[in-house]
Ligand code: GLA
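Taking the form predicted alone, here's one chain by itself in structure tokens.
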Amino acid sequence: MLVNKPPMGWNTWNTFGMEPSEDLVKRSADAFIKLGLKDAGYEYIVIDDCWSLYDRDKKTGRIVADPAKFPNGMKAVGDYIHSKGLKFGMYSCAGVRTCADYPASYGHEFEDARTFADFGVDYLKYDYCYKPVCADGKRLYMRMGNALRSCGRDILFSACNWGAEESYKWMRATGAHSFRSTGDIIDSFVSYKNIVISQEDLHYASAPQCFNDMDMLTVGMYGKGLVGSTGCDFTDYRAQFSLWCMFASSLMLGCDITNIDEKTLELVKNKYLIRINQDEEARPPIDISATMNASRHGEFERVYFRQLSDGEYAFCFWNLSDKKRKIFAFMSQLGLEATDGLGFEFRDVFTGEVTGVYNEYAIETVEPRDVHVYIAKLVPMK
């Protein structure tokens, strides 16, 4: 299996946008090792859009790296990333031009796949801008999927068509290893909240070999960079990262990791959250939210539940509002009754402490826009 767990890595776009460079990529690869991100499971260094010259080479027809940004070429960049024990990711697009108006792969899929293989690429993010109206999206992603499978190198195919044409229903069949069905994230609470809510009915489409991708994380950006927008505080980032882990999304950091703060670094390396995200069974979460009277779904709260491997479970209590709220979880919604003599023992993922055992219900008082996340196991009631 090329991809039996959600991909983890870092992408240049959110912070650096149209200015990727060889120096930036090398410094970021160095930071991966120094900061322990590789040891935590992150492995892909992905160069997004704007890496090439504005036009293809007239003689060879190939896309050529911009020598001002990558003076030693992409093969040298890939070699440096590989020398750190990391994997090399790049970007193209299914349209005639990329989203930033650089050469894309429409009509050049097999040629470009061979080019990426020659560069030593391990991961391809494949966008969806400037697609001719007459072109069928499913066919275009199938072309690149087949091109990558025949290029002579294992390359993770990260499809990014934002859910157009209900692609979550068919993207797996194109050979894609991850699919994105959301618009672009920006660094704001409203943005990541809307992305999470938009995915609640799509969990069925995510499984080993083709995982959900809720877009690159803005965790740790604090309003800086290309998609900085209003910025978020640390509580928002804790919620965002926790929700991406609960939903088994790809974990692609988007902040400047060469200047990451200690709190953010501790968060993105949290072993319990990463354990949830990387669970080998990759089962989807379900929403077991209930209001105080247990009769309807709460507008301002969610409780997500996931079965994990090795007899463990995950619970996430999320307060979407700007006020402190009591959030309820009723265990009967999970098939557990008080008469069964068992309860869920909660271990807080942020403190590592066991906080209690619950066999009828749990009530969590959650601060505004925050989350409480637990790894649980069923134990006998005392």
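Only a predicted model underlies this, so the values are computations on that prediction, with no experimental measurement involved. Note that residue numbering begins at 1 and tracks the sequence as displayed.
Absent from the display: the form predicted together with the named molecule. The rest refers to it.
> Thinking of Trp13, Asp127 and Arg180 as the candidate spot, does the named molecule come within 4.5 Å of a heavy atom on all of them in the predicted complex?
Replying inline: Yes, all three are in contact.
Query - Which of 171-179, 99-107, 256-264, 112-120 lines the interface with the named molecule in the predicted complex (heavy atom within 4.5 Å) - result: Stretch 99-107 is the one.
With the named molecule left out of view, which of Ala239, Ala147, Met214, Cys160 would have a heavy atom within 4.5 Å of it in the predicted complex?
For this set of options, the contacting one is Cys160.
Is Asp184 close enough to the named molecule in the predicted complex to count, meaning some heavy atom within 4.5 Å?
Residue-level check for Asp184: yes, a contact with the named molecule.
query: Looking at the named molecule in the predicted complex, which residues in 257-279 have at least one heavy atom within 4.5 Å of it?
result: Result: empty, none.
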